[in-house]
Structures are given as structure tokens and as C-alpha cells.
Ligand SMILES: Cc1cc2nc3c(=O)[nH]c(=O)nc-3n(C[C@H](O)[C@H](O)[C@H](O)COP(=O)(O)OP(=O)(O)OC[C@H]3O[C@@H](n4cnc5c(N)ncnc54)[C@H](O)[C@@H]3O)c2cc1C
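Just the one chain here, the form predicted on its own, laid out as C-alpha cells.
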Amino acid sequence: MEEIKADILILGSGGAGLFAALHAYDSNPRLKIVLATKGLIGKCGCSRMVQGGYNVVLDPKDSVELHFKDTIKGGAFINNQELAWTLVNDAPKRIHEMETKIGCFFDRREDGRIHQKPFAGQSFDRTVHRGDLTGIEIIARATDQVFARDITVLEETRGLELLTNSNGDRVVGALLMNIRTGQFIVVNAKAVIVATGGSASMYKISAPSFDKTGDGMAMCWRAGAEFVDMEMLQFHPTGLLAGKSRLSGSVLEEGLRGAGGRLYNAIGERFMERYDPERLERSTRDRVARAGYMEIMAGRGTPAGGVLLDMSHLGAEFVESKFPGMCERVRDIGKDLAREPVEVSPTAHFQMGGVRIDVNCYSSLKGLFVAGEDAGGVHGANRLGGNGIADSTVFGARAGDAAAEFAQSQNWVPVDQVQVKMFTNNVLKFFGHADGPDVYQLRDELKNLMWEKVGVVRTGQKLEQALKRLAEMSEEVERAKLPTGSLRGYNLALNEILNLRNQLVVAQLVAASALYRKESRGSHYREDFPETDNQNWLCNIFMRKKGDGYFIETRPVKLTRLRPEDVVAK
């Protein structure tokens, strides 16, 4: 088995992983840095799929206080306010770094300043963008910078498990698997940064890239890290509906509604007038998504189970010039975004909950740093559009800086070979399963189960039913079969089993935390507890592993900078 010694191991190559690698290397170029990514670097993950843009305060008429306030209001006041404050204060530094050091070019105004456009839920037009394909610009340039440095990149290499010391309180590396060969790799690292992304792909209609299956979250959970607010999973209101096409669920960007796009139900009502008459389609994602879902459930949806997004009143020339990427995407399914209504549906998009971190991305386990969607707390109960890629680059950079400083002060802690053997056997066992449950059937069942019982609108009864079945499925996936004579290299069925195993871990955390929170807040809507209850639930929900189960508790939100009454009073 190949063994690698590294100062820092980074899992994931989205915005968080790339910025972690660049900052760690630039902190000290003598550090040995290994970046492992499940797909091809620069071609996988969700950061490159970012369309709308990046929220940042650049205009003198704007302020970080306003950006912070928008973020906290959007998060329904359960954000970790120090993380949110860090986000809005570091974002201008990262944009400056991208333009002057990374090589990104963003759209400009006629006077040469960076153009910023409106996004939903914001009190100022502060979203920086490159057309409507901003993520490709950021990830392509950042990837070039990684290649220009002495950073070891392991492509098509997935993380399997974090390795810990004998006490279980110190992460000492990770067990990886080369997907091309099926061979295992042990990386003994002083610091590990997890930045693999969330698990929204466990829903029937979802937006993330297919490689995002909650791997990092599941590894952190099994290693014993503490999690926060796992019930908070965002549904984007305008996922494209395209039958069985792989484009189904992909996001039509926030800027469409920001520019004046309208939503109609199947009987021609502009339904946001009923749900948020002041902000209409520019309301926050959670409200618009829930409104669309309610319309569909009330029988006012289209035959395909969606509602209609209409841009035609803005003029075809305007729409085609401002949103060429979106027009092309819709054209791929035979529709014309600039000239006719397009069917959309809420689509599972982003996890606000995740591993508990501090402002420098330290987790509850020594040696483990977490950044991006794997980490929780920044966005509270709902993320504003444009704050996601800002989160990835801000906290990816901080994780790289902190891990570099940490690694320089530490010695390697030896890997426990018994633990490695146990983990490898837990993968190799599937090659002995000629019979057993079909992983593809289990995967499809999980997607439907999560959509129907842990989705946009939840009830205690449905959540309990989901948890019961998820527990059964977690046992069944351990007996899943592989075709006789399967090879280890590029074994798609094996990788699907490993994906599903991780998704089931995350799914149970989401469902359990959703059952625990007996109120509605942000993206979490309980039909049996439809009101927001600040008296009893202005708190965060923390979870950590306990034996084969979990320990769950609430702690009051630390309102260190802004209180709900401050906003109401103003």
C-alpha cells in the first residue's frame, strides 16, 4: 500500500480546497502539501458551477455592516455571528487577491470599476460576477495557480476515512482510494483540511455536481467531530425541470429574479404576491422555494410538477446579453428563456449545517480543519445567493493559513496500522458480496425518501418514518452486492456504494436534527410547527457521535453583534 507523508492534506478541489492549498503554500513553500480530489481538478465540484456571483462590499455607499445585517437576517438569526462577520470582512480581500494575484477578471462598469448586480435578499447591489458563469472564472484561474506551485495533486482519488490517534481526539491523516486503480493510499499528515462539499444530491431533484455525496461530512462524523444545525438544507427556488435529463434540478441563477424575472403558477397567477408582497421574486431563497412548493402541492403547478419562470417581459435582447449561459442551458432542453416561460421547481441546493468550526476553521478534533459547505454556522438557517462562493474562498484561505501555522508547530503522529486494516477491509468486503441489495435501487429510494419526507415541507411523522427507513437502509448498504468478477479499478458500483454509505450518514443527521427542531425557521419548515419560535428555539442544535448513535443538544445563539430586536427597532 502506498504511504505518503505530508504536512497538510487537503480533501476537495472546489473554491475552499484550492484557496486552502494556495494560502498554505504561500505561507511556507517548504511545506509538503497534498491535494486529493474525487474528480479532475478544476472540472469537478460545485464552485465551478456558480453562475450568479460573489457578494462583496466594494462600493463606498455600501458597508460590511449592511452585508452582515443582510446575512444575519437571511439566516434567521441563528448564524454564528463571528463567522458571518469574518465572511463579510474578508470577502473584499479575497476579491482583491483574485484580481491582482490569481488572475481573475470580473465584469466592469463603463467607468472601469467592478460591476455589481442585485441579488435576492440584499439591501445593496453587491454581487461581483463574470457574466453568468462566475465560478468557471474563479476555479479555472485558481487551478492554474495550483499548477504553478509545488503542490502534489491526486486526481480521481477519494477520501475514505480520517485516521485518528489511539485516543480518537487527534486526526493524523486519511485513508484514500485511487478510483482509477482501486488501490488504497495512506496519507500521514500533520493537518487535514476537509473541503469536499455537502450532500444535497441525496434528494430526487437536486442541483449539485454528481461527485458531491457528503464524503467529507461523513468522514468527519465517523471520526467524532461535532456538527451544528444539520436540519438547515437550502432548496433553490428555480431548478430547471427537464424530465429525465441530467439537467433536471440544475439551477437557473438568482440574478434572473434579481433582474426582474417573474414566477407564475399554472393558472397564470404571480404567486409571490401571496407570500411576500413587498419583495416578490426578490425575496430570500427559502421563502420563494417554499412558495413554489406550496403552489405545486396545492394543485396549481404544471403537469410536470413545476411552476413557470418568465423573463420575456424584459426583452429578448436584454436577457440574451445579460444571461448567455442561462439561455444556452435552457436551449439545451429545447426551450427559449428569453422568449417564453420555462418550467422550474425547488431543487436541493446547499447545506448550511455542517462541522462546527471557529473563525480559523479549527474543528473540535485537533489536526482537523474544515472549510466551505462541510462547515456549519456561517449562513444560519438560510444562505443568501452570492454568499456561497464568498464562503468557500474566505474560509478556504483561512483554513490554509491556519493549517500551515499548525503544521509548522507539530510533529507527525504515527498512523495506526490496525485502524488502516479495519478501514480497508470495510471496503474490500463488498467484493465478496455476490448477492445482496442493489445499490442503484437503494440510491433511488434514498432520493425519493428525502424528497418526500425530509424535503421543503416537513412534519414530525414524516421525519420519524424517514429515520426508521434510513436506519434500515444503512444496514442494507453494508450488504450491497457487486457484480461477480468485479475489478477494483474504475469500479462504478463500488463507488456508488461508498457514496450511498456517506449520503445515508448525512441524511440521518439532517432528519434527526429536523425532528428535534420543533419550529419553522429559514429553510427548515415544519407543517406541524409552522411559526418561528424565538422564545424556545433561538438556538443552535449540536450533534456528535455517541457509540452507534448520537448525542444532541441545543445551545443559545451567541448574539454577539446583532439581536433580532435591533433589526425590528430600525
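Only a predicted model underlies this, so the values are computations on that prediction, with no experimental measurement involved. Position 1 is the first residue in the sequence shown; the rest follow in order.
Keep in mind that the form predicted in complex with the ligand is not shown, yet the notes after this line are about it.
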Shown-form site status with respect to the ligand as positioned in the predicted bound form after superposition (2.4 Å backbone/C-beta criterion, 3+ atoms): open
Is there a heavy atom of residue 157 no more than 4.5 Å from a heavy atom of the ligand in the predicted bound form? yes
Although the ligand is absent from this view, report whether residue 196 comes within 4.5 Å of it in the predicted bound form, heavy atoms only. yes
Heavy atom to heavy atom, is residue 281 within 4.5 Å of the ligand in the predicted bound form? no
Is residue 513 near the ligand? Define near as a heavy atom within 4.5 Å, in the predicted bound form. no
Candidate stretches 529 to 537, 32 to 40, 57 to 65, 503 to 511 - the one whose heavy atoms come within 4.5 Å of the ligand in the predicted bound form: 32 to 40
Taking a heavy atom within 4.5 Å as contact, would all three of 16, 349 and 386 count as contacting the ligand in the predicted bound form? yes
Scan 356, 257, 458, 212 and let me know which has any heavy atom within 4.5 Å of the ligand in the predicted bound form. 212
If you look in the predicted bound form, which residues in 510 to 535 sit within 4.5 Å of the ligand (heavy atoms)? none
